[in-house]
Structure formats: C-alpha cells, structure tokens
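Next up is one chain by itself, shown in structure tokens, the form predicted alone.
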C-alpha cells in the first residue's frame, strides 16, 4: 500500500488492483474509511492503496472529479468504479468493486 501522495496516478508499473481513497483530514469518517479500506486491500494479492488527503492535496479533488468524501475509486482493473462513504460494510464494498473477496 502506498502512503498519501499528491502526484497523479502513474500507470507505468501498475499493480493488479489499484484503489485510491480520498479523505479530508482525520475526521471520524475519514479514519474509518482508511481503516476499512486497508483491511480490504490487505486481503487481496496485488492490491495497492493510495490514500489522498484533500486537505494536503486540494487540487486532486478537481483533477480527479471528487465531489464527496470519503470516496474510494477502483482504478484497476477497469472499469473504474467509485464508492462513497466510510466503507463500513467491507463485504458490500468488495462486491461493489467486483473484488469478490471473503470478508472476515
């Protein structure tokens, strides 16, 4: 998993599954979304998670067309998908992303 970055997504060495989570500071919803998304990604081989704090990188909101937070974007594999909220029901998030990983 990668740490928060402000740079644009680089496809030159793309992982099998690439997720970007957009949060705003360390609000309870943001912290919960990060925690839950990390747990999902830890169960998936070849998964990379980028966490973008829009307080630190506000330009990313406009560049990546983020209108609500937290927002999780599955960039790879295509098709790209977006999920809004704290990602509290990991099973539903995994299914919505088409990842089909057992929750536990």
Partner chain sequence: MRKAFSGIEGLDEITNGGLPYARPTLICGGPGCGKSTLAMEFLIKGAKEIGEPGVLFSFEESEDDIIKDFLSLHPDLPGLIEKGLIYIEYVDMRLEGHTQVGPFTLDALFLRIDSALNAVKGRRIVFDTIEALLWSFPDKAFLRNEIQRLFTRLKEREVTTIITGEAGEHALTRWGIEEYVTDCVISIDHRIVEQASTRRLRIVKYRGSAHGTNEYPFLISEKGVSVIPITSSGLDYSISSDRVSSGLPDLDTMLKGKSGYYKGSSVLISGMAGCGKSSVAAAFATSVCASGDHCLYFSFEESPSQIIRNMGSIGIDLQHWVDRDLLTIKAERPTMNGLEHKLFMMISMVDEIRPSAVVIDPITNLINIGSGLEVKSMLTRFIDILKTRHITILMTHLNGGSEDLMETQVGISSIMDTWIALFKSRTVVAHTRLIEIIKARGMNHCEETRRFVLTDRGIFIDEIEDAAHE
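Residue numbers count along the first chain shown, from 1. On a predicted model such as this, the values are computed, not experimentally measured, just so you know.
Keep in mind that the form predicted in complex with the partner chain is missing from the display, and what follows is about it.
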key: All of 29, 61 and 86 within 4.5 Å of the partner chain in the predicted bound form, heavy atom check   = yes
inquiry  = Can you tell me whether residue 65 touches the partner chain? I mean in the predicted bound form, with a 4.5 angstroms heavy atom cut-off.
reply    = yes
ask   = So, in the predicted bound form, is residue 51 in contact with the partner chain at a 4.5 angstroms heavy atom limit?
value = no
inquiry  = I'd like to check something about residue 47: if you look in the predicted bound form, is any of its heavy atoms closer than or equal to 4.5 Å to a heavy atom of the partner chain?
reply    = no
key: residue 21, heavy atom within 4.5 angstroms of the partner chain in the predicted bound form   = no
